[in-house]
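We begin with a single chain expressed as structure tokens, specifically the form predicted on its own.
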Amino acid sequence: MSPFEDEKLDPRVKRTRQMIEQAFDDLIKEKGFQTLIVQDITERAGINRATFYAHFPDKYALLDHSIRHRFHQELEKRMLNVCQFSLGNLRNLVIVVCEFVDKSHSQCAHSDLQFQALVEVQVRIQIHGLIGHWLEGLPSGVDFPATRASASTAASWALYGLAVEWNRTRRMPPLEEYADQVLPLLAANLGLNMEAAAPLPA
């Protein structure tokens, strides 16, 4: 279910889903994702198992939904989901992804590699979709050495990897400085040089 579909839910259904999501978020912080079971979530949320399964088939689907929803909210805050491509917007996306990865890794108890891998998949999918949308809006005269789909794929992998690397180096250098440092690398992954990309509108 997309964040847009979630907004159309009946208020009672939406409230139950929010209870499930809150219980899930709290439990991940306490015990991690790998050892978490559906019964833990239902007991914390004060619902029965049938109610949980009416919303999500398992804890993996709940995690996918939670990541998509939270990352989409971060994109909406900076209106990156409704803007056009520019170096400024690409730089803002670097900041969003770095902050999201850092927050996600710090919220999960223990060193939960399974959780981190699932976060990576969902965030990369959304980065790929957003960058692909941006590239489709570029003027037809912009030259690409590869297809725009390939450029989106390369940039989404690179951007997520750079965010993980920043997190591993204990958030050094400061994020604003780091975003400036890696921006030329991401522009290159998109097949654009800095001079060609700079005049594009925000």
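Numbering starts at 1 and follows the sequence shown. All values derive from a computational prediction rather than experimental measurement.
The next section is about a form of this same protein that is not shown, the form predicted together with the DNA.
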With the partner left out of view, is Tyr53 within 4.5 angstroms of the DNA in the predicted bound form by any non-hydrogen atom? yes
Pro174 within 4.5 Å of the DNA in the predicted bound form, heavy atoms: no
Would Arg49 sit within 4.5 Å of the DNA in the predicted bound form, counting heavy atoms only? yes
Does the DNA get within 4.5 angstroms of any non-hydrogen atom of Leu185 in the predicted bound form? no
So which of 39 to 47, 147 to 155, 164 to 172, 64 to 72 is the stretch with heavy atoms within 4.5 Å of the DNA in the predicted bound form? 39 to 47
Residue by residue through 10 to 24, tell me which have a non-hydrogen atom within 4.5 angstroms of the DNA in the predicted bound form. Asp10, Pro11, Arg12, Val13, Arg15, Thr16
